[in-house]
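Only one chain is included here, represented as structure tokens and corresponding to the form predicted on its own.
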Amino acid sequence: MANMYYEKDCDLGKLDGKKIAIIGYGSQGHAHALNLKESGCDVCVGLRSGSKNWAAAEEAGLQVKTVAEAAKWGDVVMMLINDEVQAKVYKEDVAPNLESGNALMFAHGFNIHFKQIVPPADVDVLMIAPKGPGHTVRSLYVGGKGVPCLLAVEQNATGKAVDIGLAYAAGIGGARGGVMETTFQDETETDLFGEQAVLCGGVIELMKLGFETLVEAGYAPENAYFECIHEMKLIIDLINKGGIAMCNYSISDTAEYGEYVSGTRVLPYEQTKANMRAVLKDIQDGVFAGKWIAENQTGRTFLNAKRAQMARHPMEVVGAELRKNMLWGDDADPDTAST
């Protein structure tokens, strides 16, 4: 069993007197910065000059500096910008300003595990990785709850990296949900696999194909959207709270019976597992990382084309129209998506 830590195991006081620089103010960045500030920590946000997020961070009551200034100011530097730009920003603005004994932190292990960032030996290198989107990290914290986190230590130069990591997890609310100890390698590989095979690649493709199948059979697109997309959240909320048992308790016996007789028809067990193993092997061997790095070096043509294609898909067009008339139709704030 992995080591698990909770609020009783974390001493937020380990961050007393330490300045925390949050590099980036996107989904994770805004959540970490605001949660830490409201937990009483000394926080600033590091952004590039002219960033569109500069004013938003200041309006939220946060002090903002350039990335280089923030890295120089901070005793703890948390990298929360996109994976694909982290190495460049680190080399240009963060590395020259790190001091011996600083803590360099990440919320995902990609750049450390695949050696895109190689920190000096005299700094702590650790990870606090919330197991949920940043907007959920923020909304659950505000509601008195927290998203569980992973803790990993790659370098423990000061001997205090675990204490700093646990304190940081407590500061963003993660210790309320639990903090699991892991490694950079395990976090990176399982995170990439989960995103590709299940959470994003798998689930979204499953919803899309279900929607298309019903529409092609002559059913109303609106009906197909409700059945194959809208209700996904309702099912996942039940599983999140009480596992498959709570889901199956809450759905009809007809639905549960259908789960058993048709699930493996849609996803044939052996073939699906073989496909998943192939995805995992590409991640473990660095094949996926190489493709993603190359994609960003060559103009992101594949990613941009797929984004445009998805935006035109009927399930997105129909869904946008339906959501306009729902109670939350005028609420475009991702921070409230889990409430």
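A quick note: this is a predicted structure, and the numbers were derived from the prediction, not measured. Residue positions are given as counts along the sequence shown, with the first one as 1. We call the rigid core whatever largest set of C-alpha positions still superposes within 1.5 Å between the two forms.
The protein also exists as the form predicted in complex with nicotinamide-adenine-dinucleotide (NAD); that form is not presented, and the subsequent description refers to it.
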{"query": "4.5 angstroms heavy atom contact with nicotinamide-adenine-dinucleotide (NAD) in the predicted bound form for G171", "finding": "no"}
{"query": "Contact label in the predicted bound form: N82 to nicotinamide-adenine-dinucleotide (NAD), heavy atom within 4.5 Å", "finding": "yes"}
{"query": "Contact label in the predicted bound form: P314 to nicotinamide-adenine-dinucleotide (NAD), heavy atom within 4.5 Å", "finding": "no"}
{"query": "4.5 Å heavy atom contact, P133 to nicotinamide-adenine-dinucleotide (NAD) in the predicted bound form", "finding": "yes"}
{"query": "Proximity to nicotinamide-adenine-dinucleotide (NAD) in the predicted bound form, single hit among A107, I229, M180, V123 (heavy atom within 4.5 Å)", "finding": "A107"}
{"query": "Single option in Q284, T272, N53, N296 placed near nicotinamide-adenine-dinucleotide (NAD) in the predicted bound form, where near means a heavy atom within 4.5 Å", "finding": "N53"}
{"query": "Listed range touching nicotinamide-adenine-dinucleotide (NAD), judged in the predicted bound form by heavy atoms within 4.5 Å, from 199-207, 133-141, 155-163, 255-263", "finding": "133-141"}
{"query": "Sequence-ordered residues of 11-49 touching nicotinamide-adenine-dinucleotide (NAD) in the predicted bound form, heavy atom within 4.5 Å", "finding": "G24, Y25, G26, S27, Q28, G29, R48"}
{"query": "Is_shifted H113 between this form and the one not shown (CA, 2 Å cut-off, rigid core)", "finding": "no"}
{"query": "Core fit, then Q86 C-alpha moves 2 Å or more between this form and the one not shown", "finding": "no"}
{"query": "Core-superposed C-alpha of T136 shifting 2 Å or more between this form and the one not shown", "finding": "yes"}
